[in-house]
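Only one chain is given next, in structure tokens, and it is the form predicted on its own.
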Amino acid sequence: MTDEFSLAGKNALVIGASNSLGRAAAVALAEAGANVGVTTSTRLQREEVAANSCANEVWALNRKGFAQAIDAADEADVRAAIERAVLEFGKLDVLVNAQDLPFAKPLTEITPAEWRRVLDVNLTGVYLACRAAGERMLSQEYGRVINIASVLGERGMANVGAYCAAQAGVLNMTRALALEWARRGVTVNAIGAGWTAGMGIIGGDEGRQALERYLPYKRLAKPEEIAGAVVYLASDAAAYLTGQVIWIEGGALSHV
């Protein structure tokens, strides 16, 4: 049974490995035996530094890998990352969409440009990556697509309308793609992540303290507590699982 969880010989790309969830996913995939390429969500220098650091962790595990700075909302950038993964590894088996652009503002104050940018990175970016990687995976009749979304795709929150809309779109696109690709050997699943250490928290320290009081565990999730599900969904053990959202949110959705 343990062999089914091994990713030895598999090749993965994590888009958005410059944030804590993407980084934890990339390292966990490498620890399970996969070669892992990583990218940023945007072209900000701090993200590029974080992605390079993540790649160093992959290389330390004696895995092949690379780091590439991209704008996840740019079609040419995304396609270039997919093509590089195929060039570096020979094929692409696993795609993890962890791109994330947090944003909070009352809806009436959001400009159309801000709205588009939030949806472009958080939703359109997932579409672009799924389309480019899906072409490869469908042709080889094997693939694992894992979309890391937010609990806010299921539960609304004041002043986060644009972000909530994007995350809800990721969840339903996951279900739709699972139906399209089920008979072609490609599974598509999502992880619904709760509030996690290292990710942006609305309201800073005060917001974090309020969340800790609200959550049944009375603490934020650790990125590594979500990464294990990524390895499972990428493995042969999850071959018959598709179109599902695995919620790892510390019981937040159990609140009335």
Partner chain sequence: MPILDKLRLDGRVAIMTGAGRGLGRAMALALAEAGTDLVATARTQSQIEETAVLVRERGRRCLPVVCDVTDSGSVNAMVEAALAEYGRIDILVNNAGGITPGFANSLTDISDQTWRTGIDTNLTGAMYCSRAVIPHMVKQASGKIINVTSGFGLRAGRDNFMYTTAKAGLINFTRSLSLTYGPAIQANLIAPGLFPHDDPAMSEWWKGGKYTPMGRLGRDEELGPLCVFLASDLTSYMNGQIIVLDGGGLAGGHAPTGFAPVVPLAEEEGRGK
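Everything numeric here is computed off the predicted structure, so don't read it as measured data. Residue numbers count along the first chain shown, from 1.
The form predicted in complex with the partner chain exists for this protein as well; it is not shown, and the discussion that follows is about that form.
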Quiz prompt | Contact assignment for the partner chain in the predicted bound form, among 87, 182, 76, 158, heavy atom within 4.5 Å | solution = 182
Quiz item: Want to guess which of 36-44, 64-72, 187-195, 50-58 is within 4.5 Å of the partner chain in the predicted bound form, heavy atoms only?
Solution: 187-195
Self-check item: Any non-hydrogen atom of residue 136 within 4.5 angstroms of the partner chain in the predicted bound form
Solution: no
Quiz prompt | Contact test in the predicted bound form: residue 117 vs the partner chain, heavy atoms, 4.5 Å | solution = no
Quiz item: Going by a heavy atom distance of 4.5 Å, is residue 105 a contact of the partner chain in the predicted bound form?
Solution: no
Self-check item: Contact label in the predicted bound form: residue 216 to the partner chain, heavy atom within 4.5 Å
Solution: yes
Quiz item: If you check in the predicted bound form, do 31, 175 and 251 all have a non-hydrogen atom within 4.5 Å of the partner chain?
Solution: yes
